[in-house]
Structure formats: structure tokens, C-alpha cells
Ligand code: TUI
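Read the single chain below, which is given as C-alpha cells and is the form predicted alone.
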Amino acid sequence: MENSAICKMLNIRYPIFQGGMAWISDAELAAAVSNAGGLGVIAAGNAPPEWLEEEIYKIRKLTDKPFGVNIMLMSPFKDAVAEAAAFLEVPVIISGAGSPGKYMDMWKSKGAKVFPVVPTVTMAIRLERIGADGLICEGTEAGGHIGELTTMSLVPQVVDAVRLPVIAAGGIADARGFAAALMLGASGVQIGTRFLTAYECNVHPSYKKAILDAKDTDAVVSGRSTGHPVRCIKNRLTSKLKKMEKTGASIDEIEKEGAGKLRLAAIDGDIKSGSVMAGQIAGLVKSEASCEEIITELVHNTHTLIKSYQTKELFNV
């Protein structure tokens, strides 16, 4: 695992990416993940370039290891943020919610490795053609903005369709998910929800508690009628959005209701009226731990799990 192609490409110890979670994935969390051997990721979200620049300067004081920046291409600051990431020579750029084609040459000219998030095989093929270095295949089990295909079905189809390394995301929180992703052909995994309860994660304590208290059916999807569905822990907001969709509310009305609600939950701690984005795997997350403890446990248990299956007689052949 430590000597995998993806680790050599990015100069990281383990093929574990920390998910870029807006309002949550800051320099402190990303640095802790990178120091533990994974790839820590700062989420630019809808923040202006000045905020991102400060976080990049901060992370370089906290770690000398590689890190990434997640750039959401629906952001009103996307052009300025893309330019800032290039100017500051961010080692790894992860793009989401669109195609990064217009920025690809700029980023790569500064030595960045580019890993777009893809929800379909068609998008994966298109992004390989324009020069992506790898792909993050995110299944619908993930938290936040999601596609329709599951990780189990999406990853092997993308692996078969492209020659790039594929990182599996969505529904992965422990060694069983990690091992499954590798068996599907992935070169590594991206994990978001599990890191929400890391000691180094600065999300509001109430948000962390909502994850720790979550059950298997608590991560629900709203906003499908807008074309931009989002998975969150069910609460007063998700119930209201669901009712609005059932009664035929317009896209503008639904999007207005959801605007600013992630910050309300993540920063202000209002987990009833705010958007508590989390994946379906939230029901498996039952404890807090440091990023180093999370990654060490993941790697050790995945090695153990794979070795144990190699010695089992699963089929009488």
C-alpha cells in the first residue's frame, strides 16, 4: 500500500485522501492528515481567494508534507481561487461540480497534479482526455453534493474505462470499505465523514455530536428537483426541503431556503435548521480520534483484513 503508484506520484505515505468539506476542511485538519501520511485537503468552497491564500500559508507552517486544495467550480470566486492555487503552487488540486478544463494548463504548468471528482464514466473519460492526473469517483453514498451511481457500481466501471489512477469515495469509513475499494480496482480512497470527528477538525461540537449520534438511515437526500441533490443528516431543514419539493416549490425557492445553511451548522452549531452534510456511513462513526489514530487504524486493519481473506478457502475450486 505504501509503495503504490499513487503514493509515489504524490509523495504521500498512504493512499488516503481527506475529503474537501466546505467550512470544515481547513489548514489545521489538512495538515494533521498530511502529517499522518495521507493527503490533507483544504476546501475552498465558496470562500474568496484571500481566505484560501491564508490557509495555504498556514498549512505550510504546520506541515512540510504534500497537501491538496478542493476547488468547487460552482463558486462565484472560482476563477480567482483557481489562479491563487496556481500562483501558490499547490501540489494537488481536486476539482468538483464541473469541468476544470479551462484551468488545466495553468495548474499543470505550476507542477500541480489534478484530480477531478467524477460521478459518471462519461465524465471520467472526458477528463482523462483533457489531462487529469487521476480521478476521484464519488458514489451517491457520500455526504454533500452527490450523483446517482453508487460507489460499488461506479468505481469498477471507471477503472475499466480509463488508464488513470482512481480514488474511491463515498461510503468508506473503516478498513472494510478501504479493502472493498481496493478490490474494485481503486488505487486509494477519499474519506470525509470519518474525519468530521477527528480531534483536529474544527467543526462545531454540535455537528460532531450529530455524526456520532447518527443511525444508518439518518443521512438523507434533499434537493433532487434542483438538479443538485445534497446528502445531510435529517433534521428540521431536510424535512422542510422535502415538503417544499412535494408541494412543487420552484428551484429558486428551494435553493434560497438552503443557502448559507452549511455554515449555520458547521460554524454556528445550529444542527436543527442548518445543513449537517454527512455520508451514509455516518452510522459507523462512533468515536473521536486524532487523524493519526484514524489513519493508522485504517491502514493496519486493511492490511490485516486483506491478509486474512488471502488465507481463506472461499470457494471450493
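Residues carry their position along the shown sequence, with the first being 1. As the structure is a computational prediction, the values presented were derived from the model and not from experiment.
Keep in mind the form predicted in complex with this ligand is missing from the figure; the text below concerns it.
Across the options 287-295, 49-57, 264-272, 66-74, residues that bring heavy atoms within 4.5 Å of this ligand in the predicted bound form belong to 66-74. Using a 4.5 angstroms limit between non-hydrogen atoms, residue 152 is distant from this ligand in the predicted bound form. Using a 4.5 angstroms limit between non-hydrogen atoms, residue 235 is distant from this ligand in the predicted bound form.
The shortest heavy atom separation between residue 117 and this ligand in the predicted bound form is within 4.5 Å. When this ligand is considered in the predicted bound form, residue 277 lines it closely, a heavy atom lying within 4.5 Å. The single contact residue among 203, 179, 132, 146, judged by any heavy atom lying within 4.5 Å of this ligand in the predicted bound form, is 146. Proximity to this ligand in the predicted bound form, defined as a heavy atom within 4.5 Å, holds among 185, 101, 91, 98 only for 98.
In this stretch, 226-243, the one residue having a heavy atom within 4.5 Å of this ligand in the predicted bound form is 230; the partner itself is omitted from this view.
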